[in-house]
Each structure stands twice: as C-alpha cells, then as structure tokens.
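Only one chain is shown below, in structure tokens, and it's the form predicted alone.
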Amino acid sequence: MKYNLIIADDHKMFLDGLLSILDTESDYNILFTAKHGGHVKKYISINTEEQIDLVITDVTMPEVDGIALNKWIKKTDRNIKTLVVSMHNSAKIIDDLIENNVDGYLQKNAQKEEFLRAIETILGGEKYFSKEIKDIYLQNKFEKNKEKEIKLTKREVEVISLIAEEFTTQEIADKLFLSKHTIESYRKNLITKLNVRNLAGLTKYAIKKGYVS
C-alpha cells in the first residue's frame, strides 16, 4: 500500500530536497506539490474522491500560510494528516498549530531519519513533534500557567500601568495620593512578584497584559 502525499513550500531548493528524500522511499506517492496553501486547498477541493493521506507544509508562504492551511484541512471530513516542517520556532505559531490539531511539527534542520520517522509515526495514527518543538511548547505552557497564578491587586495594576506610561515615582505618588516611599515599595514588590529584572520588564508585562496600549 502506498500513501499519497502533498507538499507545500515556496522555497524550491527545500522542496526539491524533500522530494529527493521521498523518492527513495517506496511507500510514498507524491500527488501534488505547491508553492502555497491556496493551491493545496484548490487541489483537495477538486479531487474529492482521491485518497490524500498527508500534507507536508511550511509555515510562511504567500497567499495562504501553513497555519491557515492546517486549520482548513482539519475542518474538512477527509481525515488528512498534516506535518509542518518549518524554520520557525515561535511559541505562538506552535500553540496555534497544536490548538488546531496539527499532527506533527519539525524544524527544517531535522535530519533525514527524523523526517521519515515523523511521517511514519503520523501515518501510523500518532502525533510527532521534535524535541525542540516539544520543549518550546512545554516551556510556554509552563509560563502561561505561572502567569495565571499571579494575581495583581487593583492598586498594583494602577502602579504598573503608570510605570509603563513613563510617569516618575513622584508623579505616580501624586496621582494615587500615596507617598513616594509607598510607590517605591510597590515597584520593588512588583519586580519580585512578576520575576522581572527592572522597570523595562514591568513595562513589557503591562503591555502584554493590556494594561496600556
């Protein structure tokens, strides 16, 4: 039995490299190659009766990227597996793909053996993520859970928001009708509580949480 594969990548050299690897494997048949996800969507939509087992895709591509393509494929009723092979290791991209049921994720520097192992694992009905991708995902999940545990009081939010807006300690004290010493204590406590190193860290946290624009 041969498995039918589709590959989408806008870098021809890398695409040719994947094809040369798969050409040596008798279990795989390359149905179609594309420069972006839009072409893949069109092919799948037109060929409704064709068995498509796996789509291998990059993330960054023109028109329709790998994230959007994976999301679209998983909304079809075709039971098509997806493997992302990309240079990106952004926690947000990894989260988006996992949340939309991607079957595997490798970085482009993966060895041939791991690439083939990932395909075999996915076609066998299991997920496959490289060690680097798993580490990034788990670290990000840990940090998110840690953030959820941190609860700022209303006053702490007021102080960190004003710090992020570049008000001085004295100006914050005047605005909140508190002493300069009290604001300094809030600042020190916030740095410890949020595990940041300085005012820049507090500002970054405030922006991330939407306390300031």
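The numbering used is simple: start at 1 and walk along the sequence shown. So that the term is clear: the rigid core is the largest set of C-alpha atoms that superpose within 1.5 Å between two forms. Worth saying up front: this structure is predicted, and the values here are computed from it rather than measured.
Unshown form predicted in complex with the DNA; subsequent notes refer to it.
With the partner left out here, the DNA still marks one of 58-66, 29-37, 42-50, 160-168 in the predicted complex; by a 4.5 Å heavy atom cut-off that stretch is 160-168.
Though the partner is left out of this view, residue 197 does reach within 4.5 Å of the DNA in the predicted complex, counting heavy atoms only. Under a 4.5 angstroms non-hydrogen atom cutoff, the DNA in the predicted complex has residue 184 among its neighbouring residues. The DNA is not drawn, but in the predicted complex it has no heavy atom within 4.5 Å of residue 22. At the 4.5 Å threshold, heavy atoms of residue 204 stay clear of the DNA in the predicted complex, well away from it. Taken together, the three residues 100, 107 and 127 all stay farther than 4.5 Å from the DNA in the predicted complex, as judged by their closest heavy atom. With the core held fixed, the Cα of residue 193 is displaced between the shown form and the other one by 2 Å or more. Once both forms are fitted on their core, a CA shift of 2 Å or more is seen for residue 179 between the shown form and the other one. Residue 202 is among the residues whose C-alpha shifts by 2 Å or more between the shown form and the other one once the rigid core is aligned.
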